[in-house]
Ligand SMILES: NC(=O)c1ccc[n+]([C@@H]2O[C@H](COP(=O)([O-])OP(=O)(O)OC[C@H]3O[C@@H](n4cnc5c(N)ncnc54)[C@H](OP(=O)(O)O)[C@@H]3O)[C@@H](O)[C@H]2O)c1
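Just one chain follows, in the form predicted alone, and it is written as structure tokens.
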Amino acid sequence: MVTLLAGPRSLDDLLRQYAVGPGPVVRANFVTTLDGHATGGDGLSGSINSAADKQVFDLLRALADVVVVGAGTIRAEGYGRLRTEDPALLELRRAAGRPDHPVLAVVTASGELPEKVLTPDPEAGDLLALCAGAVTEELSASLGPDAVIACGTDSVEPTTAVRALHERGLGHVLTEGGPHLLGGWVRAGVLDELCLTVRPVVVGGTGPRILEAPIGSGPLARFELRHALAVEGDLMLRYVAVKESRTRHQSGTGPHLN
């Protein structure tokens, strides 16, 4: 059944809408404009965000054990290691038995990570590198072997990456992109949910969509709408993947960010 709600939502309201069961889950969270852009004219997603979208963004991070992001998006958006700063969300994590801050897992085939995430931060979450096997030794030397997971030979395979995270006890996986990473995950069939905010703005011209990598031939990847929240013109949508439409956690990958 689809839930349609309008107006500002409290944290408890949002938690009821976005909560998941105790089992492993893989989510993606993106924002898009009415004309399909995943970024504003400056090439950054932050320029098309809103207060309502930020509220959902923060909650989804607070519910996650690990946030997976491609190295290209890390560099473009200026990511650092992750912190839970809102006291209510911090309490939510503690009540669920999670560490105060989610792990940041960077997907890289080249092994090149920006200094901002390489710098240790005792007041933030841990860092993992999901990398191609060719750069494992180099990254292990700088991050330590426990922080590096080889997930393929020449590229990072989504199935291997997700399985490795689950095996480390990181059952609730959230990815924030970018568009090529999401394409690879949809193609591999590892994505369980897509949380999407549609902003009532247009950018025009050309620019990235939420998914840019081709997902291959065969049945289309289908999603069912779980809820739609309308706040000041924004639509916060939660879709659940229809697994029959593509092979669950199949081998084979699409293009990946490095």
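Not measured: the values here are computed from a predicted model. Numbers follow the displayed sequence, beginning with 1.
The protein also exists as the form predicted in complex with this ligand; that form is not presented, and the subsequent description refers to it.
Only one segment in the set 96 to 104, 141 to 149, 82 to 90, 171 to 179 has any non-hydrogen atom within 4.5 angstroms of this ligand in the model of the complex, and it is 171 to 179.
A residue is said to contact a partner when one of its heavy atoms sits within 4.5 Å of a partner heavy atom; Leu191 fails this definition for this ligand in the model of the complex, lying far away. At least one heavy atom of Ser110 is located within 4.5 Å of this ligand in the model of the complex. In the model of the complex, at least one heavy atom of Ser155 sits within 4.5 Å of this ligand.
Although the partner is absent here, Arg163 is not a contact residue: none of its heavy atoms lies within 4.5 angstroms of this ligand in the model of the complex. For the options Gly216, Pro219, Gly43, Gly233, the residue carrying a heavy atom within 4.5 angstroms of this ligand in the model of the complex is Gly43. Although the partner is absent from the chain shown here, Val31, Gly70 and Arg75 each have a heavy atom within 4.5 Å of this ligand in the model of the complex. With contact defined as any non-hydrogen atom lying within 4.5 angstroms of this ligand in the model of the complex, the stretch 129 to 148 contains no contacting residue.
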